[in-house]
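In structure tokens, the next block holds one chain alone, the form predicted on its own.
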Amino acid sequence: MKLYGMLDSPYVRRVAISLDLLGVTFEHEPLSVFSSFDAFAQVNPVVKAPTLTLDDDTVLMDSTLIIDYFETLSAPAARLLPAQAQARSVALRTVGLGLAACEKAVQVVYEHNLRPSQKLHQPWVERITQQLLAACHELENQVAKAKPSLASEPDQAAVTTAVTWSFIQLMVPDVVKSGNFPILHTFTDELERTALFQRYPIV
């Protein structure tokens, strides 16, 4: 199996770390949806990262769907989301906030880096920035309530939270200032120091 995409994408990195935690063996192919567009299109004409090819050549895409597929193949004790309904709802809320923050951060980056400055629509930029900051504040509160432990392997909520925060601090640190989110910053820093996360460096 091969995972296609760059690790500076939070979605690609989320899949890589999750598959590692689930004990899934895969090869990483660092293709860019920008500089390697044509090569990526040969694997997946949609050119969406992450893309994962299974051993039977089935092509999967979207980080949540890829992870869900391998969750179904894993033993219950090894899965990254809890089975109990209340615990699962808490974990899914955290994951949802992380993915929302990722989405808005990507939009902010694209607006400033890909759209010509004369076509930049400031009200839209202000709106997605507000959404990004709201998602981060909610995620900060969620992590504070959960008090996640680093003594054991992280679950999907922890992986998504840390990957999200590292991406945001890499790409838009001037928009989302780390000093305003001390819990997210400390939690992510501890996870980024683990061997698991260091196997899949963001840069």
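Start at 1 and count along the sequence shown; that's the residue number. What you see is a predicted model, and the numbers here were worked out from it, not measured in a lab.
Another form exists, predicted together with a small molecule; not displayed. Remarks below refer to it.
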Any non-hydrogen atom of residue 9 within 4.5 angstroms of the small molecule in the model of the complex: yes
May I ask you to check whether residue 47 falls inside a 4.5 Å heavy atom distance of the small molecule in the model of the complex? yes
Heavy atoms within 4.5 Å of the small molecule in the model of the complex: does residue 124 have any? no
Does at least one non-hydrogen atom of residue 171 fall within 4.5 angstroms of the small molecule in the model of the complex? no
Stretch from 58 to 66, 173 to 181, 134 to 142, 155 to 163 whose residues place a heavy atom within 4.5 Å of the small molecule in the model of the complex: 58 to 66
